[in-house]
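Here are two versions of the same chain, shown separately as structure tokens and labelled structure 1 and structure 2.
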Structure 1
Amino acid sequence: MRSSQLAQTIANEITLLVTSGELGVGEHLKTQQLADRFGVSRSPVREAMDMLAGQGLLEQKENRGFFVKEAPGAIVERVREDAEPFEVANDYQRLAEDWLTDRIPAEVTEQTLRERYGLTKSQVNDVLMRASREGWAERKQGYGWRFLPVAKTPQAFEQIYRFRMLIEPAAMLEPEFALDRKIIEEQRRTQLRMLDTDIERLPAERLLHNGALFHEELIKMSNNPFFHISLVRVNRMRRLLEYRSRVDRSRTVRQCQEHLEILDLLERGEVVEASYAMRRHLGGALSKKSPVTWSWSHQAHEKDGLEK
């Protein structure tokens, strides 16, 4: 991906943060924070913010950085439809696809990736930084990179969801479970914001992140750290298959509604009912997503067969 194209993509991502209400008018944009969020270096983020300042969405204040200038309604149509979003085929997706289908070894060097994908050193670094942030790659001590285990088959995907159907409802019934009003309020705002925003415009990466975060934040209230650690790990392991299988945006609306119903039950003190609702919610997600992962698996095997 050319640096200017990467910057345009990030500019679109920042614009969507504003149009979704996640970034408000007058809010300060922190370069390193955005770079960490998108899994890139600071350079394309700065380039993207310069572009948006030129368009009037951001304002650059001397010695202070960039701030959101315009209200969402004034710039929502400015999002470029032809810029490549993170979830479509790009350098990151090519690497992820190759790891999902075992076309690359578990340990590689940056030079190997540069030669395989025809990328510059900076581009490889940006791709690996994102993979590291999303939990499926890590830098080896000394030299090279290591790709970590992820769910690569429909069977593994289903096993993860069945595991979640055990631990997430059970976490609400832990003796030390305690309602955290801050978590409840933050997650309610997020779910309502997603419903109020055109979900068709939000990147799949953001939708998946918000969905996973809802479950990870709720399980914290069990006050049992092992539940939280386990859920974060399996969420990372399923993420690539979620990307590959594509997000069902119509299902996302119902997902948000179910999340709000669970929050309502918890706020009313109906914890047992919330636990049952969580199990139904996860079971419904599995029944919808499982056929999609099986379809992807069949297509991948057919493609491999043709290439051989």
Structure 2
Amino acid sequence: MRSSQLAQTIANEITLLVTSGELGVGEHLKTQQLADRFGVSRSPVREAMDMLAGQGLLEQKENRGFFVKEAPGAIVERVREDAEPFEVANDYQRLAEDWLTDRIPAEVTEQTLRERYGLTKSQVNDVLMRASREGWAERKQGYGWRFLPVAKTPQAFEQIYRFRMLIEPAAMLEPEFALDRKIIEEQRRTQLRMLDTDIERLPAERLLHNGALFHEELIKMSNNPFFHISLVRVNRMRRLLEYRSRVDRSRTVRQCQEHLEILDLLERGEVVEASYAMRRHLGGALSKKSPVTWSWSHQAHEKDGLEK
């Protein structure tokens, strides 16, 4: 069932709306409304709804549009498994991993990458553009690309945390800082949900994503976009490191609790306290070594088929 990338994405988002309960059984999905919400035109939305009707999540009524068909049950589970919400840029991930484990040299031509990974020119271009946006690759003068050693070591992890320990608490003390109840409530719900769920069963990406999101949403309240952008960027770098490692789930519960404490302090208007709590929270992650286990230097070369 080949269908456009965008329609796929939107299908996943609609599925999320249904499973999260925002759309109840029998409810009418208005095409234009959804299109506006996702910032696209009606075409891909319609395509997505067609797909979901095919999978049995929605029901199409002649000339009246699509409606939510069933209560979340087996079908929702099945649909969810198709969704793969985080697995997007696989080629990118592969390149990043090969670079972090020294399986590719620091300087390569696009052609080399094209052959090595069996990609087309535009695919290689996408991957490199992304790597360059994320700050670990740059075009050489002349032909070829250079990969930067940023974030290649556990040391990078500490550096990122020290940076965060500086900007995140300070963000709360910015003159234009303003509480945003919506953000606080949203985050509180997420954190409570995680504590409710069996953490062992949550996928690692979900854990990392939620964790990063918490901090990024909070720093937004500083109303200084440069704090936010900077955090988003180091977090991207961090994710590159952490995807490669095992999350220490024993620390996750503690983390969620600390997140909730910070939210409480903020809500009570005790901003300075919250700022300190944030600093302690980040410092904790730093001092107890990292919350992840560094594995690669040992397992890196287990399967080296791509090496020339």
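Throughout, rigid core stands for the largest set of C-alpha atoms superposing within 1.5 Å between the two forms. Every value quoted in this text rests on a predicted model; they were computed, and no experiment measured them. Throughout, residue numbering runs from 1 along the sequence of structure 1.
Assignment of forms: the chain in structure 2 is the form predicted in complex with the DNA, the chain in structure 1 is not. Taking the rigid core as fixed, one finds a CA shift for W145 of 2 Å or more between the two structures. Once the cores line up, the CA of E168 ends up less than 2 angstroms apart between the two structures. Positional change of Q159 between the two structures stays under 2 Å at the C-alpha, relative to the superposed core. If you overlay the core, the Cα of R46 moves by 14.6 Å between the two structures.
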